[in-house]
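First, one chain by itself: the form predicted alone, in structure tokens.
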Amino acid sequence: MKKFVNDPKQFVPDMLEGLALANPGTLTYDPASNLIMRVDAPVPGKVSILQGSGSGHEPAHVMAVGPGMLDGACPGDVFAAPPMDYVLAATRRLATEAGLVYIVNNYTGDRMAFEMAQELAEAEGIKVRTVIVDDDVAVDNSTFTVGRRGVAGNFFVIKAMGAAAERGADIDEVVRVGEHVNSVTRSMGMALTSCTPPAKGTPIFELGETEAEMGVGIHGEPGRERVQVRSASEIVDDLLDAIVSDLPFAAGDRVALMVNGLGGTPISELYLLYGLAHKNLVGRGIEIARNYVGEYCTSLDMAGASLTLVRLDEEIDELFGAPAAVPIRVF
């Protein structure tokens, strides 16, 4: 393994400390609970939004903290859910009289941690709600999930909920917005290589020189099928066939299209994929009103990409266009 790392067990705290030091006056780091939070949080009278998941998916979710986005993020170790006591401590730190909403990607460990923390927080009189993200169309169940996985579409849920909370929406409205965006968001990814967690030191799965995993999970979970590497056009066609038919999206729809890198894919290849996806959708009569190309939800150093579509309506389009400020300009 060749990585920039000191003690693999300290990889996440070292990364979070560096993130906070690089953003003075914007972010605060609480080592006791792995919490990255806005310096002005909690904002009185505003619904707070907290995300947590395994690390290794950056910029998700610790780099999506800021005005108009998350109020805080408390990650676990690489590909591991945050401990329940971290979530509870973060909840206490961020909660306001208006309440707090968790955004939880649909993985078993994440759901357990947040469900237990919510139960304990509510016993203390804290108003807490949860929005589950499950945008991945590849599989209905996996090693880590009951139901569909939450992947890069999570960013769209964060963006809309963050905008609603920033403009003063109450907790029920913030939850409604999140559930609405999740309901019209679909994603699917594929991998050309595996990835190597620092604490493991070896790839978490093996792909042959000419193999690709279609529908891979962001923790390296198996997808729909293992295939021979195909042309970029064929890959995009396969991903969009699965995504478009799932909602389904139809001619006349206005959409946001995201091409997300999984950590080891050059930006040039992501734009190549975007061009192919754009032309494919236009050929189906689908209008691309918003586009996003880059790394939003990665899998460490995995070479691969995912595509996400969101069907836009007037409300969602307006929320996506609302001001936001985060360490990395992903929106």
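Remember, it's a predicted structure, so these values are computed and weren't measured experimentally. Residue numbers run from 1 along the displayed sequence.
This protein has a second form, the form predicted together with another copy of the chain, left out of what is shown; the following refers to that one.
At the 4.5 Å threshold, heavy atoms of Tyr271 reach another copy of the chain in the model of the complex. For the chain shown alone, Ser183 is not a contact residue for another copy of the chain in the model of the complex, no non-hydrogen atom being within 4.5 angstroms. Another copy of the chain in the model of the complex is approached by Phe155, whose closest heavy atom lies within 4.5 angstroms of it. Although the partner is absent here, Gly285 lies well away from another copy of the chain in the model of the complex, with no heavy atom inside 4.5 Å. Here the marked residues Val5, Pro59 and Asn291 all reach another copy of the chain in the model of the complex, each with a heavy atom within 4.5 angstroms. With the partner omitted from this view, the residue of Ala242, Ile171, Leu247, Val229 that lies near another copy of the chain in the model of the complex is Val229 [heavy atom within 4.5 Å]. Checking Leu192, Ala89, Ile132, Ala163 for any heavy atom within 4.5 Å of another copy of the chain in the model of the complex turns up a single hit: Leu192.
Judged by heavy atoms within 4.5 Å of another copy of the chain in the model of the complex, the contact stretch among the candidates 248 to 256, 210 to 218, 123 to 131, 95 to 103 is 210 to 218.
Using a 4.5 Å cut-off on any heavy atom, the residues of 1 to 30 that reach another copy of the chain in the model of the complex are, in sequence order, Met1, Lys2, Lys3, Phe4, Val5, Asn6, Phe11, Asp14, Met15, Glu17, Gly18, Leu19, Leu21, Ala22, Asn23.
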